[in-house]
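The data below hold one chain only, encoded as structure tokens and taken in the form predicted on its own.
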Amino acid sequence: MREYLIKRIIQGIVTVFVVVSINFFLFRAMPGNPFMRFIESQPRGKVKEMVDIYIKLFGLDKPLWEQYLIYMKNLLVGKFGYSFRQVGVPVSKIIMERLPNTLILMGTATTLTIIIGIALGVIAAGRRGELADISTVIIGLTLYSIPIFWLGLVFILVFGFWLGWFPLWGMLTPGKYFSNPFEYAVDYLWHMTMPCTVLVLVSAGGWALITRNALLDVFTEDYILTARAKGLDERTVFYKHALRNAMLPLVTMIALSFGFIASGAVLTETVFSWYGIGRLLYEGTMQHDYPVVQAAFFMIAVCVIAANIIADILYAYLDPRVKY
């Protein structure tokens, strides 16, 4: 077990190194100058001179290999540099301002998605061919096929604009004074209801279909036939033998889903103006803010790779048939 764990950690470190290297070169291959849009929005002046000043200030006048070494050296000591767009503001400060909002939204949505999706999948598999199964498959496929940004816009139009049940955008009511943390939390959750619901609706259908198919595959195994031949009742066969083994492939999916929490939901956060990591990635990409986007991608890569390692260890622990 120790050798397997060490091997997976080393593989994870190598993977992070490769991802970080690609992360560095990818954004520098993008067309355009990261400072032009910022400078052109300022009063007219000597644009070229200002661009040259910013390029020298952020070290972009150095050779690419030297920039890469500086970038890797700073990462090792936890420095992500300064934002190109918000000059003088550390990237780590920008990330930490957005990260809690993403963790709350995505953490809630992911947890609800997994619980609801697996529950619906279990019900559908247990009643194969019946109305519950057919309805779950149709609804699941329909929701899974709907573009999340389109569903978000529909929610804003219907529940926000027409009915007025929920706010149209943002995380808090502008200008509202909160006398205590409870009022703040209520207003925050009120704004989070629509984006969270959209995320759950689109994702839960896929989880339901995967759980259903995993259970149906397990039903064809010989040990299920043996359990029934031993005279075990159908409930025991379903929950003790079928569901227990069908959950094994879902372990990896669950771990990766929580690993991707830090990445946010780019489309959902953009549609609902939710100031999280997803919206930050969109803004940083559009504004050529390399340090911000690189730091966000680095954080996402580390979380996903760590979740993958944890999933592999859990899988090997839960299934004795898997060899280390």
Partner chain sequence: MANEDVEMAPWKRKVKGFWEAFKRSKLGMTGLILLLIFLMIAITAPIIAPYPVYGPESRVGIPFEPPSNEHWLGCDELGRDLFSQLLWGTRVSLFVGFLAALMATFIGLIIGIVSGYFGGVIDDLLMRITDIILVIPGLPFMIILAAVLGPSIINIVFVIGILGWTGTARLIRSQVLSLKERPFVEAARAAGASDAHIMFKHIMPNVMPLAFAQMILGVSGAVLSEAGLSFLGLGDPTHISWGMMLHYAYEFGALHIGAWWYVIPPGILITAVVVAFTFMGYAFDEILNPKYRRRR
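Positions refer to the first chain, counted from 1. Between two forms, the rigid core is the largest collection of C-alphas that superpose within 1.5 Å. Values in this document were obtained by computation on a predicted structure and should not be read as measured data.
The same protein has a further form, the form predicted in complex with its partner chain, not shown here; the description that follows concerns it.
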Is there a heavy atom of residue 137 lying 4.5 Å or less from a heavy atom of its partner chain in the predicted bound form?
-> yes
Does its partner chain get within 4.5 angstroms of any non-hydrogen atom of residue 9 in the predicted bound form?
-> no
Evaluate residue 285 for contact with its partner chain in the predicted bound form, applying a 4.5 angstroms cut-off between non-hydrogen atoms, and reply yes or no.
-> yes
Consider residue 128 of the chain shown here, and say whether it contacts its partner chain in the predicted bound form, taking contact as heavy atoms within 4.5 Å.
-> yes
Counting only heavy atoms and a 4.5 Å cutoff, which of 217-225, 171-179, 239-247, 191-199 contacts its partner chain in the predicted bound form?
-> 217-225
From 72, 154, 115, 89: within 4.5 Å of its partner chain in the predicted bound form by heavy atoms is 154
In the predicted bound form, the one of 83, 108, 101, 213 near its partner chain [non-hydrogen atom within 4.5 angstroms] | 213
Check all three, 146, 267 and 271, heavy atom within 4.5 Å of its partner chain in the predicted bound form | yes
Out of 276-307, which residues reach within 4.5 Å of its partner chain in the predicted bound form, heavy atoms considered?
-> 281, 282, 285, 286, 293, 297, 300, 301, 304, 305
Against the rigid core, is the Cα displacement of residue 270 between the shown form and the other one at least 2 Å?
-> no
Your call: residue 260 and residue 184 CA atoms, closer or farther in the predicted bound form versus the shown structure, by 3 Å or more?
-> farther
Work out whether the Cα atoms of residue 259 and residue 96 come closer together or move farther apart in the predicted bound form than they are in this form, the change being 3 angstroms or more.
-> farther
